[in-house]
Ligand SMILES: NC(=O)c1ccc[n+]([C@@H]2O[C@H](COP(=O)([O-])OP(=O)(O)OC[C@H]3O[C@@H](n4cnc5c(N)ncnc54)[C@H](OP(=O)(O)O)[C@@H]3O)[C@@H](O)[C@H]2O)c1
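Starting off, we have a lone chain in the form predicted alone, written out as structure tokens.
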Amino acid sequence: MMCREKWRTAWITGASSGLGRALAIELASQGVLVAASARSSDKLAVLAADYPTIRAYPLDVTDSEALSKTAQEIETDLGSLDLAIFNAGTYEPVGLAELNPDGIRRVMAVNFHGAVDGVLAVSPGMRKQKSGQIAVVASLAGYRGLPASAAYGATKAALINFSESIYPELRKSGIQISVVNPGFVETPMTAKNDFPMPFIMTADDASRRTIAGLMTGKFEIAYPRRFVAILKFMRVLPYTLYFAITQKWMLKK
């Protein structure tokens, strides 16, 4: 089934680069009317100029009031939302010595509150129409604590927990919610890493896998499968063994 047959309208945050941009292009290419949001208004303008079914709605997701107003504006301009993908995120690979309260709050504001406030902005309209689909982009890093990912991983773990918590009520209202847990994707964020990234994939590949999962309506969309299997296995390891593995990884750096 083509995307246009399932969704007429979609809203994507973090759409100026990486996975968000790839998702916007893929959906627009299949005839979906896409509202693309990000802080980079110039990049959004270029994206909208290249694809006639993409509309630019510049937005800083850490501004909850602006986020709510943007959701209302999109619904006024494009009609009811069929799909909302909250993808905006930030990442800085830092160890304990580099962590600071302001940095942690900034990552939490973008990655967690930016998605949660988005869900709260679109869910009333979807409940009213008794339909709609929401996707929250988390990460495999949310499965368990990883070195140099204390702030980032914590936000993604929080998103997974949040999505699990609201799933029953949304389903009761006729709304589907999915949590997207990618592995390493070639984006400006992962370009900051100074270590080998196993099973890394292109943003286009990640976009196709995300959309295929959303088409099925399943709750967790996680990829690539081999990396998912490894990290899910590590999630059930006892702490003594898990910490031994992560300590060994750190010593290799």
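Start at 1 with the first residue shown and count on from there. The structure presented is a predicted model; accordingly, all values stated were derived computationally and were not measured.
One more form of this protein, predicted in complex with the named molecule, exists but is not displayed; see below.
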Proximity to the named molecule in the predicted bound form, single hit among V32, A222, A38, L214 (heavy atom within 4.5 Å): A38
statement: Picking from A71, A151, V137, I175, the single residue whose non-hydrogen atoms come within 4.5 angstroms of the named molecule in the predicted bound form is V137
message: Just to confirm the contact call: exactly one of 125-133, 167-175, 143-151, 88-96 touches the named molecule in the predicted bound form at a 4.5 Å heavy atom cutoff, so which is it?
response: 88-96
- prompt: Taking the shortest heavy atom distance, is A66 within 4.5 Å of the named molecule in the predicted bound form?
  reply: no
- prompt: So in the predicted bound form, does any heavy atom of P198 sit within 4.5 Å of the named molecule?
  reply: no
- prompt: Using 4.5 Å between non-hydrogen atoms, is V110 touching the named molecule in the predicted bound form?
  reply: yes
- request: Would you please decide whether A24 lies within 4.5 angstroms of the named molecule in the predicted bound form, comparing each non-hydrogen atom pair?
  value: no
- request: Could you list the residues in 174-195 that come within 4.5 Å of the named molecule in the predicted bound form, counting only heavy atoms and keeping sequence order?
  value: P182, G183, F184, V185, T187, P188, M189, T190
